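Taking the form predicted alone, here's one chain by itself in structure tokens.
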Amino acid sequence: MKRLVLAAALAGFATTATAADLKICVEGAYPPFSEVTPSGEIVGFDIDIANALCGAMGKSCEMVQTEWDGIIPALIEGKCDAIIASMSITEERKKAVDFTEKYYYTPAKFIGREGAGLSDTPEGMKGKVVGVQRGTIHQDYMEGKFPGVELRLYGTQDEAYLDLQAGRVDAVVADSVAMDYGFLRTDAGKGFAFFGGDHYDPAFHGPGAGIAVRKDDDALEAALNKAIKDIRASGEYTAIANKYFDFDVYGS
């Protein structure tokens, strides 16, 4: 019995000693911001930024891969302490969580098959089938501004691309950078292209992507905001961004 008690105590000590200071919810299905390698490692811009922010705060962090549909509930339920998953800051989401300042901003765009002659206006897309990731600002934007479109909702961005390739949707709308680097520049994206211009409506898209924390977790929010400023001032942010992008992803 004493041996069992001692073993249990040591096991508990080891768990406590190695536990991370913070758990960060990430998606892992949104390249180049986050994706899972064949070996099971989660990588991407969001992941590097998360690690850099943890370093700037002097904290150890654990990445918790979480499906997009459940990522805010996971934060609220305490399964993680913050969300770093390219989540746009919107008034609707602020009802459930608090946000830091933005850590990047990129506009939305449409993609479709090259030469399809599509127009990115509500009139031009009327009657078309458009794929969007479920629970995103892009779903809200399409429902609010493109009432004549038939929307197909997907759990991940990759699922939307598969239906675009198969011809089950006419177009996909999402973050322009995620589609460019995560689809159009890959072999799977051959034969597809952007059409129309940038789409940005403050009511739907907000000021950019921020880090979500639980309501009233003011200390963590302040620490993360300071860390964002610190890694930008030190040049670490730029070094990370340059690994993935050939433009200023932070935005104006």
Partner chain sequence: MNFEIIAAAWPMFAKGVWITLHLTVLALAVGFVIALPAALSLHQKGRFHRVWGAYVYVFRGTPLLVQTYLIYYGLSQFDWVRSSYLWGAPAFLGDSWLAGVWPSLKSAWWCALIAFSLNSGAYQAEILRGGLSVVPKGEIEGAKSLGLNPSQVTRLVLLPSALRRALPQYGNEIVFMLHGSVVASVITIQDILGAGRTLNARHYVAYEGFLTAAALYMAITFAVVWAFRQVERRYLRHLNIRPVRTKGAQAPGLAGIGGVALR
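Numbering follows the first chain given and starts at 1. Just so it is clear, the model here is predicted, and its values are computed rather than measured.
From this point on, the text means the form predicted together with the partner chain, which you will not see here.
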property: Proximity of residue 154 to the partner chain in the model of the complex, heavy atoms at 4.5 Å; result: yes
property: Residue 124, heavy atom within 4.5 angstroms of the partner chain in the model of the complex; result: no
property: 4.5 angstroms heavy atom contact with the partner chain in the model of the complex for residue 101; result: no
property: The partner chain contact at residue 93 in the model of the complex, heavy atom, 4.5 Å; result: yes
property: Listed residue (144, 73, 148, 107) with a non-hydrogen atom within 4.5 angstroms of the partner chain in the model of the complex; result: 73
property: Every residue of 81, 220 and 232 near the partner chain in the model of the complex, heavy atom within 4.5 Å; result: no
property: Heavy atom contacts to the partner chain in the model of the complex at 4.5 Å, residues of 152-170 in sequence order; result: 152, 153, 154, 159, 162, 163, 165, 166, 167, 168
